[in-house]
Ligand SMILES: Cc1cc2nc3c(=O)[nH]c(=O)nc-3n(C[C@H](O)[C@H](O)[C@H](O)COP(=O)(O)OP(=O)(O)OC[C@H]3O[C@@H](n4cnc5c(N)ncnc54)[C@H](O)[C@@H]3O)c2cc1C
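To begin, one chain is listed below as structure tokens, in the form predicted on its own.
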């Protein structure tokens, strides 16, 4: 195989996790190839909200792609019982994923990574302690591979990783409204609970449009389009909106500790199931896992004997350990959505705590402790025996 087709590492998938890993490895002097099936910039089904952690972990500014910021939330239960909240410190940067992801890819190329976009991976095979990646544009070889190919990606399966995935479903569309109406609501995110089984509906402002979506952790969601239609119809800011496009996507679901690297293959982002079990947010975790993967892939290439184990342990310690607390909260919320909405979502103190989580000021372990000590937390504990008997009946 010619030298131009042999790399030290190949990154499959150019989203936030893959592009971040490619940049870090290129900066470390590693001969890196980034492969993606789409051509950049490309559309992506996603709310596009960036938590305060994102800029902290990136080594370059992203101001050029930030369209606006959310500072208030309108919450409701099945289109009613609305409450407008302005949590202290809430400031979520909103981006269009086509532009944000393209920026990350360009930064990877500036660092020295190579790109093959519009290139689909057909097969991944291990030969003589190396990986052969067969694509629609020929075959490439590398010592290591980073699987950043999303929730439904197949890279992990080739290395015996995450063969039993748990996936949910999301349906997202972008809509345009008259400019004066957009200006009225451009700082407001909408969350509608109780309309989607084990999930919720949302609306986020981006530039000159709204990103509307519904998502669930359930495997099947046949009513997704109808829920999306109702979500648009019931809200003042969205009524009569022109639907620009609609996209569906699988939602990865974290289900507990599991190996994320084996035989030189390292999984990151959605491909590793690193998505918040409660909110569904994954961009910040994708970027963080991309940084960690680059560090341990560099170590692997240098001859590190425990790079794969070190990566899994570090992800568990720095990222997914907090998911255990998020999963507990998600189970409580999705089991008793009405109760949790009225004693939790509508609570100003609870929203202030979540704003601190979003800003990166606290983690899920600290959030769980604060919620347990709050008035809504004490109410839930008092009602828990009654709820258990009601559920059993």
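Remember, predicted model here, so these are calculated numbers, not experimental data. Residue numbers count along the first chain shown, from 1.
Note that the form predicted in complex with this ligand isn't included here; everything after this is about it.
- Message: Please identify the residue among 308, 149, 192, 174 with any heavy atom within 4.5 Å of this ligand in the predicted complex.
- Response: Comparing distances to this ligand in the predicted complex, the residue within 4.5 Å is 149.
- Message: Going by heavy atom distances of 4.5 angstroms or less, which of 340, 45, 66, 58 would be at the interface with this ligand in the predicted complex?
- Response: For this set of options, the contacting one is 45.
- Message: Just checking whether residue 97 would be counted as a contact of this ligand in the predicted complex - the rule being heavy atoms within 4.5 angstroms.
- Response: Answer yes; at least one heavy atom of residue 97 falls within 4.5 Å of this ligand in the predicted complex.
- Task: Indicate whether this ligand has at least one heavy atom within 4.5 Å of a heavy atom of residue 35 in the predicted complex.
- Result: Residue 35 belongs to the contact set for this ligand.
- Query: Applying a 4.5 Å heavy atom distance criterion, does residue 17 contact this ligand in the predicted complex?
  - Reply: So residue 17 counts as contacting this ligand.
- Taking 4.5 angstroms as the cut-off for heavy atoms, does residue 292 touch this ligand in the predicted complex? Residue-level check for residue 292: no, no contact with this ligand.
- Query: Quick check: do 161, 199 and 320 each get a heavy atom within 4.5 Å of this ligand in the predicted complex?
  - Reply: Spot residues vs this ligand: no contact at all.
- Out of the stretches listed (237-245, 293-301, 114-122, 220-228), which one is close to this ligand in the predicted complex, meaning heavy atoms within 4.5 Å? It is 114-122 that comes within 4.5 Å of the partner.
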